[in-house]
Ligand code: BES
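Only one chain is shown below, in structure tokens, and it's the form predicted on its own.
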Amino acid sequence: MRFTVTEQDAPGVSFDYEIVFVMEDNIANTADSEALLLAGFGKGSCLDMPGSRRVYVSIKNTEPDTIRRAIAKAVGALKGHQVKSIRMPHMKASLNDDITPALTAIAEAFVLSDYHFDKYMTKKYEPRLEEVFISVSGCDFATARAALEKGRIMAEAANYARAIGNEFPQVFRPQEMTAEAEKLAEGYETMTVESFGRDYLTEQGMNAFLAVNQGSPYEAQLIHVTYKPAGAAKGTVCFVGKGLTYDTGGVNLKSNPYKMKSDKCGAAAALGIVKAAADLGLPFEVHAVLGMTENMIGCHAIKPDDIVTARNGVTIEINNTDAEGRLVLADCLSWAQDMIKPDLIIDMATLTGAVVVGVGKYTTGVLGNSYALMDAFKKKAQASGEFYTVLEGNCYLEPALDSKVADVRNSFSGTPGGATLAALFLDRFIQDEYKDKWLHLDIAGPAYSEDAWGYNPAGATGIPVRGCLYYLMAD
């Protein structure tokens, strides 16, 4: 898909269809106002008018995420049409108005809305839209093109993570994620990959990670992907992703493990962020640490009542084998702190159903020790249109982690605040010097959806790829 910047009403520009935004209180000033009023066009409406070759979308303002959602509606209305080119409304910048966030949002919306996972379908989706024309004034064309390109790159990185999240466990196991990371890195001089198997994990004392892998015939993989630009001037950021290519729940078998291919969405997002960092040429050294395994049942599987010793020496009583993601993250976080020594470490995981109960299925829980860091992340990341809520712990919750036979237990069944308690568990594996440099993103709600919403399709959404990128680029 190409994004072409033009002057307003530029001669010689030929397009198949036009998207027209209509302010909720300004229907009368449109070219097809009579038809719109007859059709009952109003708040939240989207109306395709083939006779005029226009699709009208009602908007309440021109904020970037309003534009994203409006374009998603328009793209949905045009599916099935033989439309190859679209013209967008004229974007005009006044003296104190910066239209580049809106331009970035336009590119994001088209790329995100046109995503389909049809790899295993005999009838493939055939994308028809090839070019989007955007006329601008008050903004030079080079700046406009750069804003559109930024949006395209971020959206394609999210789509990349979506594709990994949607892969099914019969064909996508830990080794396939290693191959995917290696394939990605081949395309960038600034990117390298290391991968480690069972022998290395054993040498490192990563017994919590290995315990989750015990029941699977497929060897666990610790994958380290590094984007290192020349003269990285803004420090080092490490993203740690939970990568359960399938989660049965183990001996504590899930009542319905359907769709648990989605348990690798944290690792997929971390890899997508590194891809975008390389494509954008960000001035950070960006690392992705991916903890890849299955959690299966079988004669070798970990059992409730087992005790394992994590990499940092903390002993863990296993009282629920379905609380496995935190075991993988515990060792991966420990490894990342010692081996990478980043300035900031962010883990992302489909970790708890409790976060969905607390904040709903569209919102990511932001947890950690530093309220200032959590709040700053939320404010900057939500410019992406993704939803984030800060969840705070307190000292009175800490005793719920205590075990009578080990340093800590891995599950707190029957205790309210499961998402916060899971973050407090992870905090036991964060060194003192990193307490205020660590964020935990619980993406159990928005990372995967049974139904499409906004500009997100059913299936993997790629959240929180764009949110993290917006955060990194905010300063």
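In case it trips you up, residue 1 is the first one in the sequence shown, and so on. Keep in mind it's a predicted model, so treat the numbers as computed, not measured.
There is also a form predicted in complex with the ligand; it is not shown, and the following applies to it.
- Screening R162, K73, R87, R326 for any heavy atom within 4.5 Å of the ligand in the predicted bound form leaves a single hit, R326.
- Here is the short version: of T352, T364, Q337, N166, the single residue with a heavy atom within 4.5 Å of the ligand in the predicted bound form is T352.
- The closest heavy atom approach of N320 to the ligand in the predicted bound form falls within 4.5 Å.
- Although the partner is absent from this view, A400 stays clear of the ligand in the predicted bound form, with no non-hydrogen atom inside 4.5 angstroms.
- Residue contact with the ligand in the predicted bound form: D263 places a heavy atom within 4.5 Å of it.
- The ligand in the predicted bound form is approached by S411, whose closest heavy atom lies within 4.5 angstroms of it.
- Proximity to the ligand in the predicted bound form, taken as heavy atoms within 4.5 Å, picks out 253 to 261 from the listed stretches 329 to 337, 106 to 114, 253 to 261, 180 to 188.
- Contact with the ligand in the predicted bound form, defined as a heavy atom within 4.5 Å, is made by none of A270, D279 and R466.
- In this stretch, 10 to 43, not one residue has a heavy atom within 4.5 Å of the ligand in the predicted bound form; the partner itself is omitted from this view.
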